[in-house]
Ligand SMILES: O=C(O)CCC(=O)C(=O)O
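Below you'll find only one chain, the form predicted alone, shown as structure tokens.
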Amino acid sequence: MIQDTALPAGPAAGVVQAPLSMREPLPVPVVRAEDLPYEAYLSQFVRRNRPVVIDGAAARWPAMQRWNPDYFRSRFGDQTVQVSYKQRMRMAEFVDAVLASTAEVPGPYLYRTFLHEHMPALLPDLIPENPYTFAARYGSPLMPQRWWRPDGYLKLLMGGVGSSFPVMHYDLEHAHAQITEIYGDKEFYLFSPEDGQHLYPRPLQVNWSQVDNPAAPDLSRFPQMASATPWRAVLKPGQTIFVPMLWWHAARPLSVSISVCTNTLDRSNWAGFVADVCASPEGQPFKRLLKRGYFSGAGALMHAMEDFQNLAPGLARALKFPGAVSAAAPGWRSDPSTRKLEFRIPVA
């Protein structure tokens, strides 16, 4: 007898359907740095594209003892900082607004201040470098000027209760992100790339979501969010969250919060990076081919030099250039506070 495989019938007339609700968030796993060797971090999280919170990755940073609102007001009070894409403020005024921020009257949230470019005096406070932010391909001399960042796009993030990063998003160009909390607590909500279809990407900016509160979305406006699986973490001082490529994320301070964010490129996301940056406009196939050829060759050389450092560390250190091409781990490159932008290959 042939079984009936028809879809189940809908609810009978007059039956009230249960209201939509969000799924319970999954906890992002927390691992102590002393229990997570770098190779284990790569194999268990980076190459599997899974998030993790690492406790104690930057315990030796001077910032952990120095950074607080008064530190920024007293040392940088007269400096004008880029708070957002459109807003600039004196640091002293910004800190006062952060301290006055409430859930009812949110203050500003600083997210457009790049340390190497805007506040290099802070870089010595972040040494020794976080060992989980390698390989250092953004700082390679093989990176064209447009993408060359010796500190990996290291940004200062600061806000108070009620403020938040302005939009749930994933980082462009397949970049991985690491955010290290220095002062206060910050809550993160993450969604996997597979859930992107449920997150209402903006039509003209597909890495930004239209959902304004992923922790408690308005399901009458965004009903598909009920099918998405959130991941949640509360970052404490000294903890680093790894946000893998293409993972959607949003953050909000639970108290006055100061943190730093950086991006990383390695072999796990290099192919995606190349595909993104080589997507030139229609009608320019030759330019696209040349660009892809350059980045593919540069990536292969970085890959080889990173392997060389791991396989023959003594020889690689004596030769120096393997670590200069792409540092595979801390200690293979110079102090980030001393790096200068020199001539870079002009690949557009």
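Just count from 1 along the sequence shown to find any residue number. If you're wondering where the values come from, they're calculated on a predicted model, not measured in any experiment.
Not pictured, yet referred to below: the form predicted together with this ligand.
Against this ligand in the model of the complex, the set Lys155, Ile179 and Ala251 is in full contact: each member has a heavy atom within 4.5 Å. Scanning Phe94, Phe134, Phe188, Phe72 against this ligand in the model of the complex with a 4.5 Å heavy atom cut-off leaves one residue, Phe188.
Between the options Glu129, Asp266, Asp125, Asp171, the residue in contact with this ligand in the model of the complex by a heavy atom within 4.5 angstroms is Asp171.
Note on the interface: of 95 to 103, 163 to 171, 115 to 123, 75 to 83, the segment with non-hydrogen atoms within 4.5 angstroms of this ligand in the model of the complex is 163 to 171. Put simply, Ala175 is far from this ligand in the model of the complex: not one heavy atom of it is within 4.5 Å.
Though the partner is left out of this view, Cys278 does not reach within 4.5 Å of this ligand in the model of the complex, counting heavy atoms only. Shown alone here, Val256 lies farther than 4.5 Å from this ligand in the model of the complex, counting heavy atoms only. Taking non-hydrogen atoms only, Met89 never approaches this ligand to within 4.5 angstroms in the model of the complex.
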